[in-house]
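This document starts with one chain, in the form predicted on its own, laid out as structure tokens.
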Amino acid sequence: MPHEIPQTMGQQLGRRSWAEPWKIKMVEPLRVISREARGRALEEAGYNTFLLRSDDVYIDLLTDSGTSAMSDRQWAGLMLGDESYAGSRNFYHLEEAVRTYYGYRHVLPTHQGRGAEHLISQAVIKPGDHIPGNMYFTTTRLHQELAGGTFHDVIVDAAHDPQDLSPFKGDMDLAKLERLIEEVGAERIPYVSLAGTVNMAGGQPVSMANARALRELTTRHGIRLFLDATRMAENAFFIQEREPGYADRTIAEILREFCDLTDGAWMSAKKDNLVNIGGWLAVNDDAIFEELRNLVVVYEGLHTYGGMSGRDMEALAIGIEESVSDDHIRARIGQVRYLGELLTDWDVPIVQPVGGHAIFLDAKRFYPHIPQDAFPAQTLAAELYLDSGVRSMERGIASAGRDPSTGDHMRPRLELTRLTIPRRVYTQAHMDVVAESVKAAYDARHRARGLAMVYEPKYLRFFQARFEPLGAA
């Protein structure tokens, strides 16, 4: 009688398990410091997880920016760095990769995404201009404001409801956009700012249908459409999964079709493109490119390196190709969903549907007894670190900053704590540890009292602000 193959756990449950499309070749040791030591570290950091030392962190879910693991091909590419000041061959490899997979004519490297945001803002925004977008992002909005513009949120209302299950909560509300155009005039809108998998909404995607309608509207009014392409490969996955007509299309094909609807894009390559540093800015318009090529020399470096080394441009060119692999994206988002499903099974309040790059804990429902001015999302990030050494970050009132006209806190409807999953870094066992820590914090939620901000920097305060615990009630 032939030997019977034992059933896997997945088969016993009536499903087939999946595994990451890579194997581990090198490891970095992790350590867990004691709860007492974590308490001291948290106090020294002013209860701001950005100010913790990485040596004091066990599982680091602060951000997916620059924290991904590079492939063997990317590491090999580092050895092929041409560090010529001008005309590095690695730049031309990067340029070709952007043109192939994103489709734009003109490409400029930058040191990271906010360098690209700064350049495009300085090039096309004039004082008094208005920039509509599908929810703000912190650095994007700041660069628009520093250039003299005013940001307007025209995302669909569903994006502000963490329990709404709409499949494309990143979509633009075209009626809101039309009203803004009527109010301020198309000539005062230098571009519409469209982001894929909207970060501040919980990583929610934009549909191809919405992008196509948006393109028609902006063309009719003579307004440019620029894309924050930072997580567009992940956005392409949701289009493939949820939008009729795209199930048999590849991630690369969907990405290119989406980008072809826009006039240009900026990229923080530290996310989708799988590198530890770098970014790029790409446009189709010759005149805008000429202005950008001049500005990049002032602020970043020569137009053929833009603040990046040759070796990093080579790793980025390879990372672009790897980032559009269907197997890679499926596994990447699958790990995020795995964590989300664990928390949902335990009735932990999170943003639904689960987005592409992170789980967003709904701090308002987590801590209904803590008023928003007492920073519930920041409190939750601190409590998670204290419990297990897991580092997360706040995406709520601290990130929103202050209203430039009144000086008062801006109070977003979403008060979220983000568990951001680096690409190709952690195993499912790490996700189990994270989920159990969140559950422990949720079980102890009634003991949390909130925080007071005791130091506030002028710009992007969430990076460097300091807090103190409020006294017991």
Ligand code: F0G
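Since the structure is predicted, the reported quantities are computational estimates derived from the model, not experimental observations. Start at 1 with the first residue shown and count on from there.
A second form of this protein, the form predicted together with the ligand, is not displayed here; the remarks below concern that form.
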Counting only non-hydrogen atoms, the one stretch of 61-69, 35-43, 433-441, 402-410 within 4.5 angstroms of the ligand in the model of the complex is 61-69
Are 113, 139 and 228 jointly within 4.5 Å of the ligand in the model of the complex, each by at least one heavy atom? yes
273, 199, 193, 392 - the one with a heavy atom within 4.5 Å of the ligand in the model of the complex: 199
Contacting member of 117, 383, 314, 362, with respect to the ligand in the model of the complex [4.5 Å, heavy atom]: 117
Find out whether any non-hydrogen atom of residue 423 is located within 4.5 angstroms of the ligand in the model of the complex, and reply yes or no. no
Find out whether any non-hydrogen atom of residue 268 is located within 4.5 angstroms of the ligand in the model of the complex, and reply yes or no. yes
Quick one: which residues from 72-104 get a non-hydrogen atom within 4.5 Å of the ligand in the model of the complex? none
